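Here you get one chain, nothing else, as structure tokens; it is the form predicted on its own.
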């Protein structure tokens, strides 16, 4: 660190320039605010990084993960219980953060979900339907979000319009359509583009689950199914089903990303906006009154310390980094797992995953045709869509099959148990089962526990000398029971699909570890709510402690639904921006009474 300087003051600083940050920057600058966004990574865009003329090199993008942030930038320490000593995670594992602007939104798969209405009121709904004892079992720490699905619906709708999501409604204005997901919350209008095509694995799944009396539907996907112009004036091209989405940039401009959907409108000839890359924000600077902040401090690419003054600070980095910045900056009280007091670090949760690998005989599934989020799902065993009265858990999972990932290197590991791993036996098996492999993936809810939390590690520090984030977590008994239940449902479905071989898996049957990437959907730590004693931010994502700080992202989720989080992150970002532009900018102060 060589020098210290101060930039001119702006109206708002955005920390982290992925989906949440770019959406908020676009909305705030459209309201004539002067906005500066700061991102730790370099500039990255479809051209020149992943143009259509570049090979979708599996070794480069999928195996070596060149689009991700290197592990030394995302290291945290981890332990399962309070009596263990946490040690650093030194590989990617569950940490799949984007390595440049756009964040993970540049190379994500594209599943574009809304959470179920039940997810926002887990505590209240559980008590009402099953009694207090089910909600308070001594381990769980359930709490409502402070908003309802209906209140967030307009923001879900706007995010889907910006991303051009392809899908088919199952519930339009409260009326079931018999074409989409019958368990989804009411939608105010159809998806902006029609659902993607139904591919072979989806056909097998749809037939089997329909015969079982279940309700299959096509997963909403942020890969546009036809040419589309979004509300920001950006044109997207129809998906070509190349299958290279998850871990890849989309050179075809079909998969929604901040680069494709937001950057062109935000960056072109916009005097209100400035982007600073390769700069790491190290703290938010509190004012003398302790009730507001004055700006942020960051280290630029030359190692210089820079102050960026601003009236409003929006923390829109990855979930873990939002929490770490809150802790490093002394904003709100850190969570204490022994007393359940404090709010920052509270309610870390993951995604509870189980399912089954399937192998068929003499079919032609053609896995090389697909799209990142394309597949079929049933929600019959998700959320509270089924009666849990005789069960010993709450929550559930969306059971889905995918039509993507025909990657030849990775799929060499997708062979039935007992298959030779080398020689002629391996070659014969792979030449057969590359065409005939499928998966049932149970993307399950994750309920918060009292002793699942984030704090600052007392031993390990980053290159700037700041403490690493420490994660203490293991699966809840509730989630283990749910994962076993849905795994058994997947086995039943696999048999009905006609699979000749089935190999079930359940990540929750072993202790949680950050080293195995069952999912990368980590949530919580700066959760939202209506009570400042149990939440770090209110329903507008505004800090209860410092009124000009907004903390936006999956860090705000008090629990995880059985869906990917990106759609909800986008909706919450737009909701927070709406609150700033519509109310806070005119009258700074608390937007909600605790």
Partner chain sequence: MSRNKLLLQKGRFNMKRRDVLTLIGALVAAGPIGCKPACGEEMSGYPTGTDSNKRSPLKSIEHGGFRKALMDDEDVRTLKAVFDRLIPEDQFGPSASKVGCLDFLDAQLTGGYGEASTLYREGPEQPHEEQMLQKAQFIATPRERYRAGLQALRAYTLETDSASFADLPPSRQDEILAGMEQGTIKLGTALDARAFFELMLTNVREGYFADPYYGGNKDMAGWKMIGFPGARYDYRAYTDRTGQKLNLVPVSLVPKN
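These numbers were taken from a predicted model, which means no experiment stands behind them. Numbering follows the first chain given and starts at 1.
The next section is about a form of this same protein that is not shown, the form predicted in complex with its partner chain.
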> Is its partner chain close enough to 64, 87 and 91 in the model of the complex that each of the three has a heavy atom within 4.5 Å of it?
Replying inline: yes
> Tell me, which of 406, 295, 180, 185 has a heavy atom within 4.5 angstroms of its partner chain in the model of the complex?
Replying inline: 406
> Which of 250, 399, 284, 314 has a heavy atom within 4.5 Å of its partner chain in the model of the complex?
Replying inline: 250
> Which one, 170 to 178, 382 to 390, 461 to 469, 498 to 506, holds residues whose non-hydrogen atoms are within 4.5 Å of its partner chain in the model of the complex?
Replying inline: 461 to 469
>> Check residue 271 for me: does it contact its partner chain in the model of the complex (non-hydrogen atoms, 4.5 angstroms)?
In response: yes
> Given that the partner is absent here, does residue 129 sit within 4.5 Å of its partner chain in the model of the complex, heavy atoms only?
Replying inline: no
> Does residue 4 reach its partner chain in the model of the complex, with heavy atoms at most 4.5 Å apart?
Replying inline: no
> Closest heavy atom of residue 75 to its partner chain in the model of the complex, within 4.5 Å or not?
Replying inline: yes
> If we check its partner chain in the model of the complex, which of the residues in 479 to 506 reach within 4.5 angstroms of it by a non-hydrogen atom?
Replying inline: none
